[in-house]
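First, one chain by itself: the form predicted on its own, in structure tokens.
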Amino acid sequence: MIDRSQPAIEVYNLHRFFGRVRAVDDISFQVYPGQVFGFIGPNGAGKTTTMRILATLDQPSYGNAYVAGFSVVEDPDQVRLRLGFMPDYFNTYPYVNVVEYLDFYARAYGLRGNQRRRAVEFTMHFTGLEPLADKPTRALSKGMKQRLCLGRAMIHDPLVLVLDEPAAGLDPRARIELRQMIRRLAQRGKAVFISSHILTELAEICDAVGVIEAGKLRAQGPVEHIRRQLARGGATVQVELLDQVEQAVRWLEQHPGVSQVERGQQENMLTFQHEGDASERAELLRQMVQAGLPVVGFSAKGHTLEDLFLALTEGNVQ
């Protein structure tokens, strides 16, 4: 039985230096069972270094990290039994087929007899690789190789899965299917720690995010919590008018709380930024109609994960 009240990943004051480069600079966060935590940052931000430390492939300069209560520094063997790592790039063995590949890793994790057979069968079924059981790994498509790599990471039924850019290079269908598998893993109580440059993908599957830049954690927490902190109730508003577009532009530009009034792609569409909350936008719409502006459409969109990323980062590199 998984205790979802206890963190599956705990990172405390983690530092990793390479000479003068502070690849990871005093970051701390927690990830719980059943949670998908998105790790967001530009190239060189420290994402992969953090993941390699969690996977016991590197050691911190200072600080510590724990997986299921075991230190990556003091108990790496225990950590490896409880964590599955999916790197951003991996090689397959040219002369083995799919089932042989997974069976090899099941043996490497110490699974024997019926336990190993059941683990391979379940992984094949979960990842949808059953029809390709006898296919050589070198002949797999990019999407199928990503499934195989995920299968390799989960073969020993770990509590924690660390996935480094798992959707990179996948076509839209493969990304959707991978996203569905990740959500199912979280529903089974796994803690999924995932990095990606495809922010729209993370927005759809993540319960919480951490934004890292130049080794520093800029923000962390539930996506909606961060959005509320940054947006402060603001939103992008789109208005469709029957006519009188120029009059509407002038009226909006004079209204407090409204900024960046722009014409949309369609002739009778306007977009603008509004600082107020939903009730204040309702009042704004009432005033527009009362002023005689022929509004036929009015919709507001909150800030996306991409908006949050741009607001939190400055484009710094190391």
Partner chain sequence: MTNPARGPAAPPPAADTSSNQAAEGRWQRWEAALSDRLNPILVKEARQGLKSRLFVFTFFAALLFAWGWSVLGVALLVDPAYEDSRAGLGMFLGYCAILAFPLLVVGPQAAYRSMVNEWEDATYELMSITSLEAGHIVRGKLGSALLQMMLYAAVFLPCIGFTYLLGGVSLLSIAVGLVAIFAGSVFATQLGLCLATMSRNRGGQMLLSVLFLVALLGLYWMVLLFVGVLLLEGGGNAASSPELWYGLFVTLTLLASYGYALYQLTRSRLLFPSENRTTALRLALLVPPALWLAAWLAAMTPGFGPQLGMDDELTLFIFSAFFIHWAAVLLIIGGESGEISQRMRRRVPRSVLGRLFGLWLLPGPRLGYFYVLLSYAGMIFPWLLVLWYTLPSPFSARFRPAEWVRLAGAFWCYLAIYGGIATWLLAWLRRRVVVNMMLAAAVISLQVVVFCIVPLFVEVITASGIPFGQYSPIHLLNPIITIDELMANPAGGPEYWLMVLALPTVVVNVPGAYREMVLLYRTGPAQQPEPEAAAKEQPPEHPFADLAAGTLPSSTAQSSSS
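Numbering follows the first chain given and starts at 1. Just so we're clear, the structure is a prediction, and the values are computed from it rather than from any experiment.
Only in words, not in the display: the form predicted in complex with the partner chain, which the text now covers.
A heavy atom within 4.5 Å of the partner chain in the predicted bound form is found for exactly one of 204, 243, 171, 157: 157. Taking a 4.5 Å heavy atom cutoff to the partner chain in the predicted bound form, the contact residue among 141, 115, 238, 247 is 115. For the partner chain in the predicted bound form, the listed stretch (204-212, 217-225, 69-77, 162-170) containing residues with heavy atoms inside 4.5 Å is 69-77. For the chain shown alone, residue 131 is not a contact residue for the partner chain in the predicted bound form, no non-hydrogen atom being within 4.5 angstroms.
The shortest heavy atom separation between residue 259 and the partner chain in the predicted bound form exceeds 4.5 Å.
Within 4.5 Å of any heavy atom of the partner chain in the predicted bound form lies no heavy atom of residue 147. The partner chain is not shown here, but in the predicted bound form it comes within 4.5 Å of a heavy atom of residue 82.
For the stretch 120-135, the set of residues having any non-hydrogen atom within 4.5 angstroms of the partner chain in the predicted bound form comprises 121, 122, 123, 125, 126, 130, in sequence order.
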